[in-house]
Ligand code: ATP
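Taking the form predicted on its own, here's one chain by itself in structure tokens.
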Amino acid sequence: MKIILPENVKTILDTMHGAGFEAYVVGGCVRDGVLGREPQDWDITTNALPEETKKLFRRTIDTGIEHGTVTIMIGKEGYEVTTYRIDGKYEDSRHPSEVTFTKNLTEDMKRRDFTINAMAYNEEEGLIDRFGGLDDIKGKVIRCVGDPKERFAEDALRIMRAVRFSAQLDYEIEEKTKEAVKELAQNLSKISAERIQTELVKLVTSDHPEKLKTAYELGVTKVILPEFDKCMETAQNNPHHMYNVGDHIICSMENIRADKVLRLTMLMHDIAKPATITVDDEGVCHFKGHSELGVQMAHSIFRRLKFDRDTMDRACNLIRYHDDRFPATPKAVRRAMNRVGVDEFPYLLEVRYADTMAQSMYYRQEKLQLIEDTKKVYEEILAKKDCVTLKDLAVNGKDLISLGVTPGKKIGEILSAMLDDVLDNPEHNSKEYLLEPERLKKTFLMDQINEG
């Protein structure tokens, strides 16, 4: 088996081999190479000690030298080179108490998480696979190296990584590995929110976000996203639905493109349904107010998992309006664009499509047609450059000040009233119309204006 190595990687390996050291690319890049995928990073392992590695290259950075890792810089690219090592006892489900360097590649590979990530490669020796990684790739299996309980005890995040790799590769988790996930899932509570967030995003933006259900079945979401567990336990006895809330969420993620904000929006768009459920006299479930409460709950989740502000704000905005229904008329669409945001409006249409496709067949075609009609009107509004925000208004604060309006709150109120008029009547968006004296007095409540 041949894996195509980048020139910089070849240079590093050749330099180390030329100095008498062993060196291989290792881990995820080998797995991706076997799968015919383009690796994101190229990690290198060697029997050379960190100081020996540093002597061979002009520019190096001590990125994790206490654990044997040196980053070699070639141009603007960095490549991590790590000495073979044996980890000591893990006391915090994250870091070994000590690291011992070894000259044995197999000993180093024993500490890696899954067999598919425990393969090494160089062009001279080919693929080094001592734990059955190639067989597990062929069998589409996620299996821990050695005892899964030991691997998960070393770093509890590997519990999430098992599910994440399952989602990214569409592999099944091997039975013993699965049982260890169930038993040790609670240890994820010891892992930092930032690391949990990274794995969750990789899972939900994968080709198989439905594997989130595996995380639920194995007790993972109970620790990292308990709000989702409540969704899985909440039925939707309603003609518009055919799944419980959790399965509806999963189906909606499957029906939207793998954009981070969109997938997270679908993950949380109905997160408040368990808290808002009511059942009428006919046994039909209703969830009034779930969008607004959902914004609050999603905001709390985003904060808890240390998401960046932009992702949180955009997703919460889409959650707020995901159930907003309006006719596909220019007036209604302009107002919706103003509420949601011009740039975010197409995202809302994608959310509505995914939401609809995860519902029952009840009025599905009519719902989809409304989305399509709304999209056409939106595009027409953009083409005509209709005013839908204050920045598009033909009048600004300086115009009002020049007419004698005192700077302050009143200016904002007048501009908002003007925009309200223009949203319904785009032809009114001209200075001549909006600043006509009598109209200013009557419509925009300006008691005194300077007509000179």
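Each residue number is its position in the shown sequence, starting from 1. Quick caveat, the model's predicted, so the values are computed rather than measured.
Not pictured, yet referred to below: the form predicted together with the ligand.
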Of the residues 374, 82, 117, 205, which one places a heavy atom within 4.5 Å of the ligand in the model of the complex? 117
Could you work out which of 426, 28, 397, 64 is the residue within 4.5 angstroms of the ligand in the model of the complex, going by heavy atoms? 28
4.5 Å heavy atom contact, residue 155 to the ligand in the model of the complex: yes
I'd like to know whether residue 161 contacts the ligand in the model of the complex, with contact meaning heavy atoms within 4.5 angstroms. yes
Using heavy atoms and a 4.5 Å limit, would one call residue 111 a contact residue for the ligand in the model of the complex? yes
Close approach of residue 40 to the ligand in the model of the complex, 4.5 Å, heavy atom: yes
Taking the partner as it appears in the model of the complex, which of 377 to 385, 162 to 170, 247 to 255, 265 to 273 has residues with heavy atoms within 4.5 Å of the ligand? 162 to 170
